[in-house]
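In the block that follows, a single chain appears as structure tokens, in the form predicted alone.
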């Protein structure tokens, strides 16, 4: 279950096998059934989760009941409400499983302990948080400046095979478009292939 996490770590930093073995002790495993929550809006986010199997979505629901998806997390991705995790305040997002999923979880206290015990992991998480900031900025610029077709292409680049794994209305929510617009885009693209 830790192979994917170890690959993520070794792709970003140099670390010994002994240190990797030690990393494992700071995580707990969790299985979620489809539609089961990892986090609900208003609760305090106690974990950062690494997805080893499945698909999760992070989202918020507006006052009209519309779902706005912030992120998909597939195998090899991390997911959390970072603000809540780092501050201990109420979460703005809900995170749930779109497929039966397997996760590796780390608490804030365990992360601090791990960073003290294995200083190289500080660099790994710094790289992750930097990449997260860049991804958020890119998503914001994309949502403000790109056409629906460009957003769809970018989503396909960022989340290969997501179209086969989640419902069309969920993809439309992620892109900030209607399901009808998404259907039109998909038909146009199918005609080009």
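Please read these numbers as outputs of a predicted model, since none were measured by experiment. Residue numbers count along the first chain shown, from 1.
The form predicted together with a further copy of the same chain is left out here; the points below concern that form.
* Check, residue by residue, if 27, 40 and 103 all come within 4.5 Å of a further copy of the same chain in the model of the complex, counting heavy atoms only. => Heavy-atom distance to a further copy of the same chain in the model of the complex: none of the three under 4.5 Å.
* Can you pick the stretch from 27-35, 49-57, 65-73, 156-164 whose heavy atoms fall within 4.5 Å of a further copy of the same chain in the model of the complex? -> Stretch with heavy atoms near the partner: 65-73.
* Asked: Given that the partner is absent here, does residue 82 sit within 4.5 Å of a further copy of the same chain in the model of the complex, heavy atoms only?
  -> Yes, residue 82 is a contact residue.
* **a further copy of the same chain contact in the model of the complex: residue 176, any heavy atom under 4.5 Å** => Judged by the heavy-atom cut-off of 4.5 Å, residue 176 is in contact with a further copy of the same chain in the model of the complex.
* **Distance check, residue 145 to a further copy of the same chain in the model of the complex, heavy atom within 4.5 Å** => Yes.
* **Contact flag, residue 132 vs a further copy of the same chain in the model of the complex, heavy atom cut 4.5 Å** => Looking in the model of the complex, residue contacts with a further copy of the same chain include residue 132, since a heavy atom lies within 4.5 Å.
* Asked: Across 121-141, which residues bring a heavy atom to within 4.5 Å of a further copy of the same chain in the model of the complex?
  -> 122, 123, 125, 126, 129, 130, 131, 132, 133, 134, 136, 137, 138, 139, 140, 141 sit within 4.5 Å of the partner.
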